[in-house]
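Next up: just one chain, as C-alpha cells, the form predicted on its own.
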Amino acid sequence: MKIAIMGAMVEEITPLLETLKEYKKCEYAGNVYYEAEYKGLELVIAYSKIGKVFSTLTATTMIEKFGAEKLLFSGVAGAINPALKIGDLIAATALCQHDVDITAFGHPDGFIPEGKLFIESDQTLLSLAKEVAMQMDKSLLEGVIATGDQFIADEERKNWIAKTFDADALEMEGASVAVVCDALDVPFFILRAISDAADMDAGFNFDAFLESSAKESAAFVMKMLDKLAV
C-alpha cells in the first residue's frame, strides 16, 4: 500500500523524515517529494507550501504521479470552537471552503456548482485515529474544518465562519486536499493541532509551538501507519 503524508510547511514534515531516517528525494513540479518504506508500506512525503493552490498541486501529484492510495495530512489550525485550546488536536469530519462566494448567483456561501459544500473525511481512517488517540491517551476532537486562502485574525470574520459553516477550526489547505481526494476516490484524513485560540496570550511563541506540535503530530501519524501496516 502506498500512503501520502502531507504538511503545508517544512516544519510539519521534518520530524517524520527524522524518524524514518532513510528516504530518497524526487524533485517534481517545483516541489520535493520524499519516498520511504515503513513496515511494508510505501510512503511519499511532502510539504505543499501554504494555501489551496499549492496543496491542490501537491495532493494531485502524490496521487497521480506517485500512486498514493490513501492520504494523511498533518498541520496546524486556528480555533473557532471555544472548547479548543492551543495544542489540542482536531480531526476533520468534513471540510469546506469559507472564502468561496458566488452568492450573487443565488448559491450558498462556500458552494461551487457541480461541487460539494462539505466533503466528508474517510470514516475508516477517522476510526483508526480514534484508536490511536486512545492508545496515546490523547484527546482528539472531531469537527468541521473551514479552509480559505486567508489567515483569519478578525473575531467578526471567525464568528461568521462559525455560524455559516458550523465550523470548529480554520486553516488554509484541508478542503482543497479533500476536493482532490474526493474526485480521485482516495481516502483521506486531516489532523490539525490548534495554534491560536481565543485564550492565547501575548507571550505565545508560534515557532516554538510549531516545532513541538509537529513532533506530536508526527508521532500520531506514525502510530496510524503502524495500524495501517497490520
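Note that residue numbering begins at 1 and tracks the sequence as displayed. Since the model is a prediction, treat every value here as computed from it, not as a measurement.
Only in words, not in the display: the form predicted together with a small molecule, which the text now covers.
Contact with the small molecule in the model of the complex, judged as any non-hydrogen atom within 4.5 angstroms, is confined among 100 to 108, 114 to 122, 129 to 137, 73 to 81 to 73 to 81. 170 is the sole member of 59, 170, 178, 68 with a non-hydrogen atom lying within 4.5 angstroms of the small molecule in the model of the complex. Among heavy atoms of residue 209, none comes within 4.5 Å of the small molecule in the model of the complex.
By the criterion of a heavy atom within 4.5 Å, residue 196 is counted among the residues contacting the small molecule in the model of the complex.
Heavy atoms of residue 150 reach within 4.5 Å of the small molecule in the model of the complex, making it an interface residue.
By the criterion of a heavy atom within 4.5 Å, residue 9 is counted among the residues contacting the small molecule in the model of the complex.
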